[in-house]
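Next comes just one chain, in structure tokens: the form predicted on its own.
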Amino acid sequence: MFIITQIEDQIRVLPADLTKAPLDAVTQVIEQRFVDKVIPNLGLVVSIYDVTNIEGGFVYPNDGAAFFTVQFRLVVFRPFIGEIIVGKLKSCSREGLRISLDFFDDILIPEHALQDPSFYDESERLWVWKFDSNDMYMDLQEPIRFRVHSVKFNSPPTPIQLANATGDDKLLGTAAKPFSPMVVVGDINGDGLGCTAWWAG
């Protein structure tokens, strides 16, 4: 689920922070720039693992800030295909389920990837697995075990794309339809998958 990746980048330290030790100063900048951000085609940065090398500290004319070339390692959330993960059921809709890991909420289980047969209960607004004539409800906040099917990275929409958008796409990037730079798609159609309570003891 997590990987460690090494990155080299030029880090700009503001004049007000030059009184700090170089390691502390560059670590603060790295945290602000990378932690809780998605690196395209890599994953969600969870934390800094360590800083392995710092060079430079050059101050350019008319700037005042110091520039360091820094090599550092990051802990990145990037689940692999086929990995089994347990999260909590955050919401249900006719399109499927949304699952949360607390630090990451963009996990989708589409309708066709639910236990078969399943149906959507309009009155309860919950999905139900029909098992041996029993209605197995998928209740919100319940632990749910899923298998990773794919990890998708999305590019932010350009102003031209937003201007030409139709329907719900016009709301992309707003509270009504937040932009998701990384989406994990999973499935629960298999033995041992789905709500963990189904398979307990």
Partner chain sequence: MKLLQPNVSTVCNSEVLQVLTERGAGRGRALPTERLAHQYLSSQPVLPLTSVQLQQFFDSLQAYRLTRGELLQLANLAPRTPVEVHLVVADCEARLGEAGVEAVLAAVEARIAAPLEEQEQEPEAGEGGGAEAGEGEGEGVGDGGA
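Residue numbers count along the first chain shown, from 1. Keep in mind it's a predicted model, so treat the numbers as computed, not measured.
Not on display, but discussed next: the form predicted together with its partner chain.
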- prompt: Is every one of Leu89, Leu140 and His149 in contact with its partner chain in the predicted bound form, taking contact as a heavy atom within 4.5 Å?
  reply: no
- prompt: Should Glu122 be counted as a contact of its partner chain in the predicted bound form, where contact means heavy atoms within 4.5 Å?
  reply: no
- prompt: Going by a heavy atom distance of 4.5 Å, is Pro117 a contact of its partner chain in the predicted bound form?
  reply: no
- prompt: With a 4.5 Å heavy atom cut-off, would you call Glu31 a contact of its partner chain in the predicted bound form?
  reply: yes
message: If we define contact as a non-hydrogen atom of the residue within 4.5 angstroms of the partner, is Glu83 a contact of its partner chain in the predicted bound form?
response: yes
- prompt: its partner chain isn't shown here, but in the predicted bound form, which of 152-160, 55-63, 132-140, 36-44 has heavy atoms within 4.5 Å of it?
  reply: 36-44
message: So its partner chain isn't shown here. In the predicted bound form, which residue out of Val75, Leu108, Ala113, Val128 has a non-hydrogen atom within 4.5 Å of it?
response: Val75
message: Only counting heavy atoms and a 4.5 Å limit, does any residue of 1-20 reach its partner chain in the predicted bound form, and if so which ones?
response: Met1, Phe2, Ile3, Ile4, Thr5, Gln6, Ile7, Glu8, Asp9
